[in-house]
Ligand SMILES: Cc1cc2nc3c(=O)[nH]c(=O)nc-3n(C[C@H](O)[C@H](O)[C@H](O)COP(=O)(O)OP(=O)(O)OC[C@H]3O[C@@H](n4cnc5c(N)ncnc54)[C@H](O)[C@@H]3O)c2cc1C
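Next comes just one chain, in structure tokens: the form predicted on its own.
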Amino acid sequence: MTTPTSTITVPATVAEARDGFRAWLAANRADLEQFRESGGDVTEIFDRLGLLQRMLYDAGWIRLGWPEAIGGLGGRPILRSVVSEELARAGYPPPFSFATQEVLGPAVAEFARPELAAEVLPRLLRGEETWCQGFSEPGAGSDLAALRLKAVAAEGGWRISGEKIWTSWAQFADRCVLLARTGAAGSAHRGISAFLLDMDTAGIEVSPLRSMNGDDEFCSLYFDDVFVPEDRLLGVVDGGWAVAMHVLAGERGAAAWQRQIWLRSRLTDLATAPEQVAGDAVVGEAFELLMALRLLSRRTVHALSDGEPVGSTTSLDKLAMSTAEKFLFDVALTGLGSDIVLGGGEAAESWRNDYLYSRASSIYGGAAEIQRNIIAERLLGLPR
């Protein structure tokens, strides 16, 4: 597919990008109105938001900061940080794959063969593909170095067998950034390799897991002698830990930035509800927590955009995110009470869904206990 000619020039500053994107939203309000609709099943939502992503790609906004060789427009990655924020401000949802782009996309751009990156990343940015992240396993969640999914060298590639779990939206994914053990059983983080796997490869079984909010977001993945070609290796053999850390930096930084945007919109919903659901002091405390998260994630997004190492500081982002999210929806539960628990209307169902999902915020992406240990040992220098 031919890359479209962008309707924008690369902004010089974040402020210029924000002003330009606001003007674009205003000029395209009629075409964008269809995306305010939030209903439908998951497949319909994916399809609808994929159209929004294609509009943003064709106009050039989500091509900012990506190299021209992979369909981007160049410039600093920080320039596209305004897109999710301004979409939320205008009342539009972000496409599902925005987080995937910022979490997995930079790692593939960094570690994949240039030819592979040029082939697959434009499809991700255009919304033609969705990707998933195959990291966690039963017994190897926050302790990622304990993973056991095995990749055995074979002619022309590797044969993979084992299991992954908690893989978000794997049933819709076209590709998976997968970690597998290529070293000896006790090699910990030194014996892990990363691959970009096509999800339609023979031998993969996807089993959705129903979560307590009723969604089938998470999945178990079973691999039975799945062949991965050698050109799908990301980085070098046994070098997957560097890929994993690159991904986690994006997950706890850029994704935290996008999450705080959405949480702020939910705080606004709570604070402006017709009924008095929470006192000013409680709403103020929720705002303080979200502002702390915003400042932390802003620092990380700037560092990542400038190519600076972020190291263990992203554990601060992750801990701040789960703390703010749980507090916000605890406030909602206290204020809305029986409506959240028993209500049947659209608003009640939305708050109930968000409250139940918030319970997982201190687990996914690295449990809060693990983040506290990292902060204590690596940032504060406390003994183990």
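Keep in mind that what you see is a predicted model, and the values were worked out from it rather than measured. Numbering starts at 1 and follows the sequence shown.
Absent from the display: the form predicted in complex with the ligand. The rest refers to it.
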Problem - Residue contact check: Y355 to the ligand in the model of the complex, 4.5 Å heavy atom - result: no
Handout entry: Residue contact check: W24 to the ligand in the model of the complex, 4.5 Å heavy atom
Key = no
Problem - Contact flag, E128 vs the ligand in the model of the complex, heavy atom cut 4.5 Å - result: no
Handout entry: Contact flag, E16 vs the ligand in the model of the complex, heavy atom cut 4.5 Å
Key = no
Fill in the blank from the handout: Of the candidate stretches 265 to 273, 85 to 93, 141 to 149, 301 to 309, the one with residues having heavy atoms within 4.5 Å of the ligand in the model of the complex is 141 to 149
Completion exercise
Students should find that, of F111, F223, W257, F135, the residue having a non-hydrogen atom no more than 4.5 angstroms from the ligand in the model of the complex is F135
Problem - Sole residue of T201, T313, S168, S161 within 4.5 Å of the ligand in the model of the complex, by heavy atom - result: S168
Problem - Within 4.5 Å of the ligand in the model of the complex: residues from 363 to 382 (heavy atom criterion) - result: I363, Y364, G365, G366, A367, E369, I370, N373
